[in-house]
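A lone chain, given as structure tokens: the form predicted alone.
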Amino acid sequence: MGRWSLGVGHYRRGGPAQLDLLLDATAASQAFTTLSYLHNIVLRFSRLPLPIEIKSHKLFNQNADDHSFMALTEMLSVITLLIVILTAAVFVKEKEDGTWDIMLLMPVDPKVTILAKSLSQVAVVMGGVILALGFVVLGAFDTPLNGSFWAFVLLTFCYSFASAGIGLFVAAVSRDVMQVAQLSILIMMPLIFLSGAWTPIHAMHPILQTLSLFSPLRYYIEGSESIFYRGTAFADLWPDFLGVILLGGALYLYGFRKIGKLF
């Protein structure tokens, strides 16, 4: 990300022109690549008698430590994969063990059964997130937490239902755990690629940028980075919460109805 200000008028009056570049070093590797490109562009003008000076100001991550950034984004991606596989496996194991028919005979509303099983996996993942956050992200990698911890927990809880909805869909169309693993990877890879975790959204093809709007992981990553690195207030996180809640609700409702047809 960059913000440019060029003293064109001052240069035309015979004064020196100063090019100010502000880099958001939240994504250290991406910011460093951008800075390298801009340095090369400026060096092309060095052969001309133009008084150009470049200054860089790193925001949020002054030392450009990419390990803290990657630790957070990788944790968010792993959360997605875990909740999908766990939610799908808890239903598919019933098919493999031959206890699916017994579950159908239970004097319990099928909707309650589906909700209870998926919610239990969400609770397991939430516990793992808190442990991984404390011991790995904040502990081993010393990632800064400039925002609200509870805002991140709430955002993670909302996002978990989006991933659980994908897991319910996978469970509805899979016959064994092996198919669960294969389908989960097949579905999750496009979501991760479109989320901005590995490639900046603004660097994608316009068609891919449009498709990324339908990836709940994009809003989850953007919201989490705003909480951790920028210290964004809870009231200013509403676009990320809105994206996660709307897409998550739609995905969970679709998966809920898909697997509900098997009861």
Partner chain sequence: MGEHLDFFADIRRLRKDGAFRDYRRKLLRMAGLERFTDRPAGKLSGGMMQKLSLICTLLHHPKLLILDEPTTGVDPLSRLELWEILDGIRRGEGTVALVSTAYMQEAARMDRILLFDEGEIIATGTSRELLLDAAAHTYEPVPCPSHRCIRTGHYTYSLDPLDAPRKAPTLEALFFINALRKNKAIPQIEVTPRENAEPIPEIVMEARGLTKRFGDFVADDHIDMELRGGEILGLLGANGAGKTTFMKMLLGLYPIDEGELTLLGRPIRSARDRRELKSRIGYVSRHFALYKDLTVRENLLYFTNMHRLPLSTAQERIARYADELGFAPYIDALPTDLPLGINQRFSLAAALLHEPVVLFLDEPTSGVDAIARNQFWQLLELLKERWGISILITTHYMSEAEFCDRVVLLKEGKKIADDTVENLHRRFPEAESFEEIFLRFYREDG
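Numbering follows the first chain given and starts at 1. Note that the structure is a prediction, hence the values are computed from the model and not measured.
If you look for the form predicted in complex with its partner chain, you will not find it shown, but the lines that follow are about it.
- Contact with its partner chain, judged by heavy atoms within 4.5 Å in the predicted bound form, is confined among 152-160, 131-139, 77-85, 93-101 to 93-101.
- At least one heavy atom of Leu105 is located within 4.5 Å of its partner chain in the predicted bound form.
- Using a 4.5 Å cutoff between non-hydrogen atoms, Pro110 counts as a contact of its partner chain in the predicted bound form.
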